[in-house]
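We begin with a single chain expressed as structure tokens, specifically the form predicted alone.
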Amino acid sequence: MRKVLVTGGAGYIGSHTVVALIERGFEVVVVDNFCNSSPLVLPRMAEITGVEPQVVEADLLDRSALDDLFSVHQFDAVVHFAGLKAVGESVQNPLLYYKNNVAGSLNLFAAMQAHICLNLVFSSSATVYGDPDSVPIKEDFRLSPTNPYGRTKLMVEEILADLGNANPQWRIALLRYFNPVGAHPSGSIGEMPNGTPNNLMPYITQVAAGTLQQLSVFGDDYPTKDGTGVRDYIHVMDLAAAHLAALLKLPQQETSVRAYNIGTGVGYSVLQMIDAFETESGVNIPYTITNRRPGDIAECYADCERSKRELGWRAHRDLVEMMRDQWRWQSLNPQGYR
């Protein structure tokens, strides 16, 4: 397995995974519509790896573009990141999320099937579990997402399960990852969302940099250690390594479709994350407590034993490294890739 298509490969998680794949010797082709990423990430990846990946600017909603892509290249596998990912936005505009995340994925899978490329690593999410009955969360827990974004991920998982049942030659890994943070240690690539960040860490670092005035903490009345939401934060470089491990495992995967939790197994509250960042950066983060966001849950962290056992993968980087690398990226790139 040598040639891999990475959808959304210019995005935050995609770009770090492309770097990991190239460093492992894979030939990578990226397809991206750059709706929430920048083509300026491509030369940054080349600086890190010595190789600039081939890039096709296209949208997964364009089926003919996908067929052209698969006709030109003989892909051994696909790593599928492309999709919209903001929980709050999905609540406000669900049709956009169902069209982009589900319909786009259907086009991709149809093109893969037509061109007999049946190896896939899918970027799923811990949001498929919804509000869990207990933590840590295992892969066999009830799946009941609480927002449209999570439901799009579950819908795609169910489509892939049906594909695997219909044709046992498919080999599909569903990576349900928790909360990616951090950046490449070089500081060359990282997370820089368009507009106001939806995720905690880029918001914290933009407040630290003076780009944003203060952080809003959504709710302090959850049944958690300090009342704020608890999440499992994982360094994006560990997450990239998980995609590589899943890709290498596909030929030996015993079932057509297999789900894996990708996290650290440790939960940190919002206030703990603020404190950890202030300690590492030396910068004070002003914040205000506001109402809970629709679709948010109290506590979410992973049981990753299956990933350790079957993929030979586990997270190596701690909270200090997450904060250090996130702040290095923000400090070196105050305007992101602009």
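The structure presented is a predicted model; accordingly, all values stated were derived computationally and were not measured. Just count from 1 along the sequence shown to find any residue number. We call the rigid core whatever largest set of C-alpha positions still superposes within 1.5 Å between the two forms.
Quick note: we don't show the form predicted together with a small molecule, though the next part is all about it.
- Contact annotation for the candidate site: N199, Y203 and S216 all lie close to the small molecule in the predicted complex (heavy atom within 4.5 Å).
- Interface residue among Y129, Y233, Y260, F75 relative to the small molecule in the predicted complex, by the heavy atom within 4.5 Å criterion: Y233.
- Exactly one listed residue, out of V270, C304, L42, V28, brings a non-hydrogen atom to within 4.5 Å of the small molecule in the predicted complex: V270.
- Looking at V87, you'd find a heavy atom of it within 4.5 angstroms of the small molecule in the predicted complex.
- Although the partner is absent here, R293 sits close enough that one of its heavy atoms falls within 4.5 Å of the small molecule in the predicted complex.
- The small molecule in the predicted complex comes within 4.5 Å of no heavy atom belonging to P145.
- The closest heavy atom approach of W170 to the small molecule in the predicted complex falls outside 4.5 Å.
- Exactly one of the stretches 244 to 252, 132 to 140, 173 to 181, 154 to 162 approaches the small molecule in the predicted complex with heavy atoms within 4.5 Å, and it is 173 to 181.
- Once both forms are overlaid on the rigid core, the distance between the two CA positions of R293 between this form and the one not shown is 2 angstroms or more.
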